[in-house]
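Quick heads-up: it's one chain on its own, the form predicted alone, in structure tokens.
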């Protein structure tokens, strides 16, 4: 049987994720290739208590259909946290609840992109965004990064000449590099999009995971009408609950509601109510400090082992938060071959190839430090050292 799939299905890049999941399920392999939070830091008891409360006190309502916009008290909580933490005058009307911030990628692309439209993205950029946007057959316009963020002069030229429908970026602790935009670069980007009437899609999935627990001002603070922002509770509370949100101007929200309703009517209402009960029952900032302290320690350990075990020709980024770092390899080492050789030694890294929308990445690999224990990081980095040594630099 030959099934008549749409043309867009053949435009999507081959996903590396299936192979990653297979690696992650092998207990013999120490995997730095995934992107999972530390399971030991999930507040199982707190979620259990919140779940019990919702089922006992609000069970019939929580198990019913609800509105597309999302649970109002939860949207109010998110808006108020933006006000208190970042000084942004958000309101519940600006917020919509989605099935993890990954759904924001799909629905934003759906409401903005036609086949052949230009869309901007960091180089390297988040592979989940590349996969989601590819379904709508855009032309990717990539902008390289330095340690302060995307190159502002290239960014400006992109909007002046190519006029992309929007530019997607992760200013805080970027996936895959771990880099963060400097405050000066954020202001430059905001000024450019205001001047060119552009749109910046600001993915802030990692914004709460700063090792110094100091908030970084988002681009949206400097260009509120030109910025779409998404966030998620997956990295700080529970990825399995799939609760994220979009924060956008009202004209965008109106179109987003149409696309969201057509996609799934509404996000999981039971989990929304449980999430709200949990958030209003715990000290969230204290919980986040516990997470960031653990991740900071693991990150510093992995950085020191990179410096100790790997040759100087391998250059790493220096994350100040988040879950990832990027290694740039010498010409003699291909990232895919490093991945394959690493598996023979029971260690997994993620080749940079899927993070480059227009090709590249053969000289980079992403390492995740959040999901491994400190002992696993020590053992895994020794295995990576042996893997690199096999290339006889």
Ligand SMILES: Cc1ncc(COP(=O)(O)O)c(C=O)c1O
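Here the structure is a predicted model, which means the values were calculated and not measured. Residue numbers count along the first chain shown, from 1.
Form predicted in complex with the named molecule: not shown, discussed below.
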- Item | Partner proximity in the model of the complex: residue 170 to the named molecule, non-hydrogen atom cutoff 4.5 Å | yes
- Task: Decide whether residue 126 counts as a contact residue for the named molecule in the model of the complex under a heavy atom distance cut-off of 4.5 Å.
- Result: yes
- Does any heavy atom of residue 229 come within 4.5 Å of a heavy atom of the named molecule in the model of the complex? no
- Query: Given that the partner is absent here, does residue 186 sit within 4.5 Å of the named molecule in the model of the complex, heavy atoms only?
  - Reply: no
- Choose one stretch from 290-298, 146-154, 268-276, 202-210: the one whose residues place a heavy atom within 4.5 angstroms of the named molecule in the model of the complex. 202-210
- Task: Using heavy atoms only and a 4.5 Å cut-off, determine which of 110, 194, 309, 242 is in contact with the named molecule in the model of the complex.
- Result: 242
- Task: Could you spot which one of 164, 100, 138, 321 gets a heavy atom to within 4.5 Å of the named molecule in the model of the complex?
- Result: 100
